[in-house]
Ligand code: HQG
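Next up is one chain by itself, shown in structure tokens, the form predicted alone.
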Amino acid sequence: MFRRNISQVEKKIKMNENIAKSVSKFLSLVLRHSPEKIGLKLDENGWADVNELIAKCTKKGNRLDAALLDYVVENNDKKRFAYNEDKTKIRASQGHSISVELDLAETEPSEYLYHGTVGKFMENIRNEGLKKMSRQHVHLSKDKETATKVGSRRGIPQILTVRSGEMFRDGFKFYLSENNVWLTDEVPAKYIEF
């Protein structure tokens, strides 16, 4: 009987993790790319009113309450979302394809940063460098482990070493997001070690 109770608890935890993952993906969609999907308005800095977000998500059939939102913000492994100080507003920390001003201060990076990708993009990167594509910035990681996780999402990861210190000295700007992702506008191929 005790074992059965543990099994039920494990199932409930797994179910809650799946719900949190689903909510996180949906929040990424509306806070980074398409707030109009639920009729949500973001301010120029990407902030959304928490009560409006909850109401509009629920109205569109995506059950959300303050406790679940808190859980997703606090437990997201990549810290994709952040509250303002009094938790009345929420925004995505980075990764926007819509125009927002995150008000990040220019920051000097370490000598090397890393980028995780997959083999099918390597030829373009060798020729053109890293481009922001539909996002506002190129995303870089502080370590190879994080870059490997990022690259693994699309297949067998290829890890690129970026000579970020040299880029910075050459006048390129770098920013560090609230969730410790390094951001820059581009990485020319000459700064990449393949």
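Heads up: residue numbers just count along the shown sequence, starting at 1. Given the structure is predicted, the values throughout are model-derived calculations rather than measurements.
Omitted from view is the form predicted in complex with this ligand, to which the following refers.
Of the listed positions (M167, L130, V30, I54), a single one reaches within 4.5 angstroms of this ligand by any non-hydrogen atom in the model of the complex, namely L130.
The contact with this ligand in the model of the complex, taken as any heavy atom within 4.5 Å, belongs to N124 out of N84, N124, S110, T107. A residue is said to contact a partner when one of its heavy atoms sits within 4.5 Å of a partner heavy atom; R91 fails this definition for this ligand in the model of the complex, lying far away. Residue contact with this ligand in the model of the complex: V181 places a heavy atom within 4.5 Å of it.
Contact check for R154: a heavy atom falls within 4.5 Å of this ligand in the model of the complex. Interface membership of R135, defined by any non-hydrogen atom within 4.5 Å of this ligand in the model of the complex, is confirmed. In sequence order, K78, R80 are the residues of 46 to 84 having a heavy atom within 4.5 Å of this ligand in the model of the complex; the partner itself is omitted from this view.
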